[in-house]
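Taking the form predicted on its own, here's one chain by itself in structure tokens.
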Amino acid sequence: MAEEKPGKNISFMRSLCMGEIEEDVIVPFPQIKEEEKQTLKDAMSTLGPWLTPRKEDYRKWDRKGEMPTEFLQEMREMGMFGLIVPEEHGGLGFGSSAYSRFLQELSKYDGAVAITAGAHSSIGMRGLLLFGTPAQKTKYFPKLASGEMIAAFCLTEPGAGSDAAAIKSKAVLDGNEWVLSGQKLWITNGGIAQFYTVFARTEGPEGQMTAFIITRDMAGVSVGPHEDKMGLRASSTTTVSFDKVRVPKENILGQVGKGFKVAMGILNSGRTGLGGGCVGSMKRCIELATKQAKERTQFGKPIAEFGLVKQKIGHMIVDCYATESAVSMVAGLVDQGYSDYAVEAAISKVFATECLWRTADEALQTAAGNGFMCEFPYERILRDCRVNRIFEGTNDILRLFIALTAMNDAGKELKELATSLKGIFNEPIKGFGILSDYAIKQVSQATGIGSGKIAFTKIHASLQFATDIFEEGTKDLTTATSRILRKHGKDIINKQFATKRLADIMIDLFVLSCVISRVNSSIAKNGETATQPEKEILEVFSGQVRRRTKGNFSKIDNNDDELIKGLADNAFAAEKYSWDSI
């Protein structure tokens, strides 16, 4: 992982919520490092000859719910577990961009294969990469690169999913060792892993959670049976239990009591792997759907000629391009050494997983009856991708995180604004001079007074239609943030409808900024004429963003939230639908 560099602690979205477009963060659009490109191309070139002939195997493994040990050995031999391990320890040393692009390619073949490799690198051993000591890395990286050790991430428990702070696994210091007990649930790679990143409570002045490295050969480690899942059935998912496992002090990952920071660091950094996988699956769906539409004839002509089919494919293209832009941007931020990208990473995860779900659903719809048949890959892709909106942070929780982070920043400034405004009307000029930058933008946008205009300055003039929409949306965002805070105050934590609307505005604006940056770089590289189809994607997407943003903004004050909650309360009380036609 790239080290944090001076001036790289800026968050594009947190700044945007404060009324500032940090254009230099996203322009120019990030590219994979030249020194990595050839290695990446070489690695990807091996996938087709190896995985294409296994199409029927994927279906068989899915039905059986098991990946053969022989194929796992093939994955080891093909280097699938050494993607992000530094070269000096036997891996390929991919940065976030190259790793995400490789996962994109791998995901075109089979979701279970991709998640087995992805869970190992994205979360299972990423803590070692980010927080490991030199001694830990020297000890474990060679075995992790070769696949002798496969890694798993152990955070979720029966009573602690999204609420990670509620974990009950506990570690108590006993001399030079920690004694750790607890059970982890739904662990990807759980049954095949030999290396576990485990989180347990270590209550003390340093904090209440610590991360540990635990290996399968330690006494007291056991795994449960393979879980019978809706999708990704061939990948290993099990419980992992720890019964008074004695863990040496040198196996602490990061610092004692700082386990929550470690967990969030791993999840944020690893999101580009899942995002890349989503893009690869979307591209596969588009390939399947376009071929199917050209081959299937109805009413005397291919269904590819029908307007509603073209509408489906067109929207799939827009969603895929926008997703790829956002995922690539976040990976680029990581590679460039930016440290504050948690909001952007969360946005990319939410957007990517929901776009993939729509794309898979529409691909199946395009295939019609064939899509519903297990002999075709559509239904398996749909089942496999459904969990993406749940694991590595549910999209519902991530939306709250996205919005509440913005409102936390704005809330601090609004507190200053309230204090500063006390004397502003007695001495207007002097009073205006003591306002914070955020407060000036708030007053400027509300009254038209001052120099609060925010704008892109490095984007090609032909893209002004999109930058105008973005700048208009940014003003709506800052206004919405302060309005929601003023309306709900400290009770905002309980106003999830309002926070979701703000999060959706932020998601749309970030992805739009990524698409603008990408098309802008494409114009610089290829010229306006060659970039026309990409400009059309941008035009469609920016129009979608404007409509959704205006809709969310308008519902801040005028909505049916209480009615909806009342209907839910009725259902909870009755534990059923309460109306019948007879």
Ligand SMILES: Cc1cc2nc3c(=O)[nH]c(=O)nc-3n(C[C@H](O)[C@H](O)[C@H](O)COP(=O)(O)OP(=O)(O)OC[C@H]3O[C@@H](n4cnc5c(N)ncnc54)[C@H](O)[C@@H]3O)c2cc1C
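Remember, it's a predicted structure, so these values are computed and weren't measured experimentally. Each residue number is its position in the shown sequence, starting from 1.
Beyond what is shown, the protein has a form predicted together with the ligand; the following relates to that form.
Only one of 248 to 256, 158 to 166, 85 to 93, 352 to 360 lies within 4.5 Å of the ligand in the model of the complex by heavy atoms, and it is 158 to 166. Though the partner is left out of this view, Phe153 does reach within 4.5 Å of the ligand in the model of the complex, counting heavy atoms only. When contacts are judged by a 4.5 Å heavy atom cut-off, Lys495 does not count as touching the ligand in the model of the complex. Among residues of the shown chain, Thr394 is one whose heavy atoms approach the ligand to within 4.5 Å in the model of the complex.
Under a 4.5 angstroms non-hydrogen atom cutoff, the ligand in the model of the complex lacks Leu364 among its neighbouring residues. Of the candidates Ala342, Val318, Leu400, Ile454, Leu400 is the one whose heavy atoms come within 4.5 Å of the ligand in the model of the complex; the others do not. Proximity to the ligand in the model of the complex, defined as a heavy atom within 4.5 Å, holds among Met75, Val221, Leu130, Val387 only for Val387. Residues from 182 to 197 that approach the ligand in the model of the complex with a non-hydrogen atom closer than or equal to 4.5 Å are Leu185, Trp186, Ile187, Thr188, in the order they occur in the chain.
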